[in-house]
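This document starts with one chain, in the form predicted alone, laid out as structure tokens.
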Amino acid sequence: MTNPIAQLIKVTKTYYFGDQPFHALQGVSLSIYPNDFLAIIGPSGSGKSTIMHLTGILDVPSQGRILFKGRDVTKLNDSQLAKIRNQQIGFVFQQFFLLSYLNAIDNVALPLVYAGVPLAKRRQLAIKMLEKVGLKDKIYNRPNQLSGGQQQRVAIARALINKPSLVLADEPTGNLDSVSGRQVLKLFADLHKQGHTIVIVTHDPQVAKITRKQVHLKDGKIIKIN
């Protein structure tokens, strides 16, 4: 059987507000396999964004273990974690997080800067990736010259530029109108068909419907997987 890309093993995450604990996750176990296309779905406060941050190694659990390609990442230092995030995980966020002073090419190429890829190669790869997400004619546009849907496609291209093992998308249609939202979801479906492993975090059942598997959360616990 294929080994998981990422595993959460009996993971608990507790935040403290003064002396009051808030249990964002309570003993959650989840495995994500190559070419999975799954949604993590639940209402606000259910723990779904916490799962994304832990799976993406942006945070550490209070208890439990997180494995990435079989490696226990809870034992790694910040530099080692940053290297895994840069080379192995692509992130797509609701707010896009594009740099306003950079054009589409340079926004997409940014992860390659941190990976030490030479300028000419960065630009070549970024243009190719922008063509892949349907923005061949927008490569020199800055974010304020793009629609919300186009900005999100730039963000998706940036997430894919290092050929990550896993793409994590947190409410990727949350700031989009319905037409742009459907276009972005179709893009995710197409990318999955091309072999990408994708996890979408959402509160919207209509968004979750495009995926092959749904993980339902409530009060920090997985209540159903279908």
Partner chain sequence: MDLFDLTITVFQSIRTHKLRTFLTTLGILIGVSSVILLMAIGNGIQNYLVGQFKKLGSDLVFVLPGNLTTASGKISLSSERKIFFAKPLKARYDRILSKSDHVIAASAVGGASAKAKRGSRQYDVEIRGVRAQYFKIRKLDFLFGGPFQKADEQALAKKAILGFNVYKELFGLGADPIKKTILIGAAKFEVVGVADEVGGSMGGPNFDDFVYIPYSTQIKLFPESKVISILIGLDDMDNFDSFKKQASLLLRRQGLTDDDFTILSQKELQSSITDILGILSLALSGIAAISLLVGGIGIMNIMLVSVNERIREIGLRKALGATKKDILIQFLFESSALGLLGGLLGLGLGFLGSLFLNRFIPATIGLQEIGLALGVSFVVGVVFGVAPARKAANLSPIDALRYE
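Positions refer to the first chain, counted from 1. Note that the coordinates shown come from a computational prediction; the quantities given were computed from them, not determined experimentally.
Only in words, not in the display: the form predicted in complex with the partner chain, which the text now covers.
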The partner chain contact in the predicted bound form: residue 144, any heavy atom under 4.5 Å
no
Taking heavy atoms and a 4.5 Å cut-off, does residue 132 contact the partner chain in the predicted bound form?
no
Does at least one non-hydrogen atom of residue 140 fall within 4.5 angstroms of the partner chain in the predicted bound form?
no
Using a 4.5 Å heavy atom cut-off, state whether residue 53 contacts the partner chain in the predicted bound form.
yes
The partner chain in the predicted bound form: contacting segment from 132-140, 67-75, 81-89, 146-154, heavy atom within 4.5 Å:
81-89
Thinking of 126, 187 and 189 as one candidate spot, does the partner chain come within 4.5 Å of a heavy atom in every one of them in the predicted bound form?
no
Residues within 4.5 Å of the partner chain in the predicted bound form, restricted to 100-118 and counted by heavy atom:
101, 102, 106, 110, 111, 113, 114
